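One chain is shown next in C-alpha cells, namely the form predicted alone.
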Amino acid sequence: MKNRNPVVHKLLESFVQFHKLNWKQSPMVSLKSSEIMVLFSIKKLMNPDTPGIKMSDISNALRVASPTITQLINSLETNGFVERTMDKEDRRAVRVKLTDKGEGAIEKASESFYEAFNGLAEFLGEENSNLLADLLSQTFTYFEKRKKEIF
C-alpha cells in the first residue's frame, strides 16, 4: 500500500466523525431520523386536492424499498403521526396523510434543525459558514459524479 496523503486522511477522519454523530433520533419529537424523513416527504408531496400520498410515491421519493416504507408508516400510524386510507379509485393503493400530531412533529423538527444550523453559523461566523456551504456543495457534486465508480 502506498504512503497515505495526510490531507486525504484528515478528510476521511472528518467524514467518520460525522458518521459517528447520533443522528438516529430527534429528542424533540422522539422519532427516528428515517421516520422524520417520511413525515417531511409526505408534507412535501402532499397535494391539498388529494386524500393523501400513495405509499409508492413516498418510496420513490426517498429511494427506498416499499417494505421499508410500510414498516415506517406502520410505526408512524401506531403513534398517531399519520393515517392511512384506501384509495377510492384504485382499491389496491393505500394513501397516507399527516395527522395534526404529524404536522406538529414536523414543525418541532424543523425548528430544532434550524436552531442547530443557526448555532453552527454563529459558531463558524458568516465567512466560514459560506465557505463550508460552498465546499459541501462541491463535495456533493464530486461524489455524485463519481458514485457509480466509487460505491
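One rule holds for the numbers: they count along the sequence shown, beginning at 1. Note that the structure is a prediction, hence the values are computed from the model and not measured.
The form predicted together with the DNA exists for this protein as well; it is not shown, and the discussion that follows is about that form.
Note on the partner interface in the model of the complex: the residue among 34, 110, 41, 99 having a heavy atom within 4.5 angstroms of the DNA is 34. The contact with the DNA in the model of the complex, taken as any heavy atom within 4.5 Å, belongs to 93 out of 45, 106, 93, 124. The DNA is not shown here, but in the model of the complex it comes within 4.5 Å of a heavy atom of residue 89. Taking the partner from elsewhere, residue 120 is found to have every heavy atom lying beyond 4.5 Å of the DNA in the model of the complex. Within this chain, residue 9 is remote from the site of the DNA in the model of the complex, having no heavy atom within 4.5 Å.
Using a 4.5 Å cutoff between non-hydrogen atoms, residue 50 does not count as a contact of the DNA in the model of the complex. Each of 70, 74 and 84 is positioned with at least one heavy atom within 4.5 Å of the DNA in the model of the complex. Contacts between 51-79 and the DNA, taken as any heavy atom within 4.5 Å in the model of the complex, involve 54, 55, 56, 63, 64, 65, 66, 67, 68, 70, 71, 74.
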